[in-house]
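This document opens with one chain alone, in structure tokens, the form predicted alone.
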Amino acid sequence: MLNVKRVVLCSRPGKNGHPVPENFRVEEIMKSPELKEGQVLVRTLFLSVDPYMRCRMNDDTGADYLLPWRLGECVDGGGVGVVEASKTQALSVGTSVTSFNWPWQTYDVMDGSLLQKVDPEMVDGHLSYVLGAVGMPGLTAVLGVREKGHVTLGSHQTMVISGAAGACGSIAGQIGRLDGCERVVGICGSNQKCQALVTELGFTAGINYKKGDISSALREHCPTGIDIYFDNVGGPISDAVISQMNPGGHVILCGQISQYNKDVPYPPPLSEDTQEALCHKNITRERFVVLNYMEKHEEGLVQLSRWVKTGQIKVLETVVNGIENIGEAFCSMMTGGNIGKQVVKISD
């Protein structure tokens, strides 16, 4: 028998409530490693915590493609691990594997057909990148920019990214630069993050929304207006950005993290001024869901891998050690405590 640690959801945040580490509980259980045909025993290496998971803490996620986590049951999300024992020819012992529905536990017996092989070469040997730059956040960035951003080389466009120091925003800004934007300006929550955007990721400028007036800073760093807005946060920050967008601009509606703790529909309703600006200036603002572009995922991952391996995209990560700290890591990520992708290291 295996001694397994797992994380269960033991309570839900209250209405309009912020999640707290105490919403999660770590349990120890004994699990049989015996396998049926087609199954594998996996050891977890890294687990992902992401903003969309806040919706899964509710009874109703508000999205038909997301199931809520159930009280008293093991939580799941993006994960990567290694096969320790196998009863399927498709996955041999030692193979690295990943899944979008990986249980938050140290070991598990899983159906081999539900796992995807990971080529360590694709991520330059950094398996945690499967959960970030060369995974779902990276795909969200590249497909969001290319499907909804309408970047045109040589058009001297300005792109603004909110949540710019997060897993998706930090990649999206770099892709905007690579695809031809003249100016790429990131909005984030600390001077340290602003510095990282400029010195490490090649952004034109970083704006700390917690200091000074956002509208004034946008006018300073976007003197010709804003053509493309990669929106990860919503709320007053997005209102300020949209008010300075040029006619015919494009909003990539990726996330609304500032609104996730509120009891409002998704996407949240806009202010009258913002709605009027979108209409008057003929600005497109369409909800972007990366799962709607499954046929482009493989090509996107190959492109992301190439950029990472050649150093054209830099990857930032915040790594927390130990499954017992995953609740704290999740709550920290929800309040901007991470720079780059937030991952939790479970084992070596």
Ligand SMILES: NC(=O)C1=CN([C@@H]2O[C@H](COP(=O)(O)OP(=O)(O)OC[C@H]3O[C@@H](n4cnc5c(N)ncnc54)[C@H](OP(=O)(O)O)[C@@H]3O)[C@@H](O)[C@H]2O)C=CC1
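Note that residue numbering begins at 1 and tracks the sequence as displayed. On a predicted model such as this, the values are computed, not experimentally measured, just so you know.
Heads up, the form predicted in complex with the ligand isn't pictured, but that's what we're talking about next.
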Quiz item: Is Asn338 close enough to the ligand in the model of the complex to count, meaning some heavy atom within 4.5 Å?
Solution: yes
Quiz item: Should Val145 be classed as touching the ligand in the model of the complex when contacts are defined as heavy atoms within 4.5 Å?
Solution: no
Exercise. Please check if Cys188 has a heavy atom lying within 4.5 Å of any heavy atom of the ligand in the model of the complex.
Key: yes
Quiz item: Hey, in the model of the complex, is Gly255 touching the ligand, heavy atoms inside 4.5 Å?
Solution: yes
Quiz item: Among Ala167, Val233 and Val290, does every residue place a heavy atom within 4.5 Å of the ligand in the model of the complex?
Solution: yes
Quiz item: Among Gly176, Gly163, Gly81, Gly249, which has at least one heavy atom within 4.5 Å of the ligand in the model of the complex?
Solution: Gly163
Practice problem: Report the stretch among 233-241, 270-278, 108-116, 214-222 that approaches the ligand in the model of the complex to within 4.5 Å, counting heavy atoms only. | Solution: 233-241
Practice problem: Using the arrangement in the model of the complex, list in sequence order the residues of 122-148 with any heavy atom within 4.5 angstroms of the ligand. | Solution: Met136, Thr140
